[in-house]
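Below sits a lone chain in structure tokens, taken as the form predicted alone.
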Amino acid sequence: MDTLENRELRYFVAVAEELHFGRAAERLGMAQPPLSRAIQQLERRLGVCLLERNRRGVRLTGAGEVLLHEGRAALDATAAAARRTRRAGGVDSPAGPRGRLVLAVKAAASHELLRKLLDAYAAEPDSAEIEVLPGGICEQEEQLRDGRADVALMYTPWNSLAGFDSEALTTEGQVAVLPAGHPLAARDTLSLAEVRDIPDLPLARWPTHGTYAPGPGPEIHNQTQLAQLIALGRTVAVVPDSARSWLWAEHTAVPLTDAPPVVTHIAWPAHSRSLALAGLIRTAARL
């Protein structure tokens, strides 16, 4: 057996994520018995055990872990192909056959680079319509992988560029953003160790792929929440230097001497054949 059907992958991924046949069946809008039979048939076709079943529940085997990872990627790729094909054909786009590109960006990022890119590309002959898709912290990678976006502005070291082609656009340092009245706000510079060890001012925690690293600091969901918590003296944050553009009067940014640089990349699916996307990348590289 060398192929899998999308239906089989959807069924297996649902069971593997829920680790419960009843909940998976409800999620898929089907009865449990045919779902159980479909998974058993899949195991027989593959010749491996994907799930261990007992009275306490369901758990993934090593082979099941592999299929969950690969299955998610395959389903994302299928959905991405459909979405991008429709956009390339101008479906539901005011621009018609001229098509459009969806550009994923971090809502809290500095708007200066984005504005320059959009203005420069709009001036190009035969430029496509650009739809800007603002997202939360580190969402751009997922939006690009599942086809909701054709291209994204991404930031290392936080975003993973694995599986994408990319072009580095800017490099900047990082700063610690503290309450303006805090004693350390008067310093010219700080180190990461100093920022991580401020009594009663824990470091803000950002999500990575939807999960937060353990720690005493607050879980950050958006820029407004972060700004409020810093102003109230509840947290300190490490952000790119360009984040100074959204700081309040109650904030102070202090440069960090040993934080890794932040590189802004424009990233797109590897091996893309979109002429409109190629034009956008050329424009970005000239900025």
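The first residue of the shown sequence is 1; numbering continues from there. Quick caveat, the model's predicted, so the values are computed rather than measured.
The form predicted in complex with the DNA is left out here; the points below concern that form.
- With a 4.5 Å cutoff on heavy atoms, residue 7 counts as touching the DNA in the predicted complex.
- Although the partner is absent from this view, residue 32 contacts the DNA in the predicted complex, with a non-hydrogen atom inside 4.5 angstroms.
- At least one heavy atom of residue 57 is located within 4.5 Å of the DNA in the predicted complex.
- In the predicted complex, the DNA sits within 4.5 Å of a heavy atom belonging to residue 36.
- Just one listed stretch, out of 249 to 257, 66 to 74, 234 to 242, 40 to 48, contacts the DNA in the predicted complex at the 4.5 Å heavy atom level, and that stretch is 40 to 48.
- Contacts of stretch 10 to 25 with the DNA in the predicted complex, defined by any heavy atom lying within 4.5 Å, are made by 11, 19, 20, 21, 22, listed in sequence order.
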